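One chain comes next, on its own, written as structure tokens: the form predicted alone.
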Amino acid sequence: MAEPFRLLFVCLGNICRSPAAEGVMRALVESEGLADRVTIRSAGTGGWHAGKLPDQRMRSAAQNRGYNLSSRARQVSENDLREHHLVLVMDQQNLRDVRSYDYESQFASKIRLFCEFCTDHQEREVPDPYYGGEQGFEDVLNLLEDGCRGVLCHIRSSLA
């Protein structure tokens, strides 16, 4: 059997957007019977929350939709760029920060903005809901559900 497709989601602190994307994508991959062919992780550009569970507000919003967010926050590393086939960042600042780990510009083609995979939403970035109200977490989940469907199509074409 071929090696699994390795996917990494990245946001600022790895407690809201990227662990939610990981949870949404994991549920989608499992429902499609591809759990043994796709590995999914998340990380943050900063390490302030390392070891912590995702933000309780995001966990609650995700749980209401049937997603389990149980990963622990960690900081992205240069090694992540080597190990993953696709690194999806939530906004332009994350893109700049992750590209700064690509010292020799050898991973540029695999570092992409998450919203490139959205089909129902026009946003170019996934907004950080941390300082907003409950609706911000719902809006982020709507974007993530849309984009993860597009990511799954991309992965399927890579697995074929």
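Bear in mind that the values here come from a model prediction, so they are computed numbers and not experimental data. The numbering used is simple: start at 1 and walk along the sequence shown.
Here the subject shifts to the form predicted together with a small molecule, a form of this protein not shown in this document.
Between the small molecule and the residues R41, R112, H49, R26, the one pair within 4.5 Å by heavy atoms in the predicted complex involves H49.
From the list 59 to 67, 104 to 112, 32 to 40, 125 to 133, the contact stretch for the small molecule in the predicted complex under a 4.5 Å heavy atom rule is 125 to 133.
For G13, a non-hydrogen atom is located within 4.5 Å of the small molecule in the predicted complex, even though that partner is not displayed.
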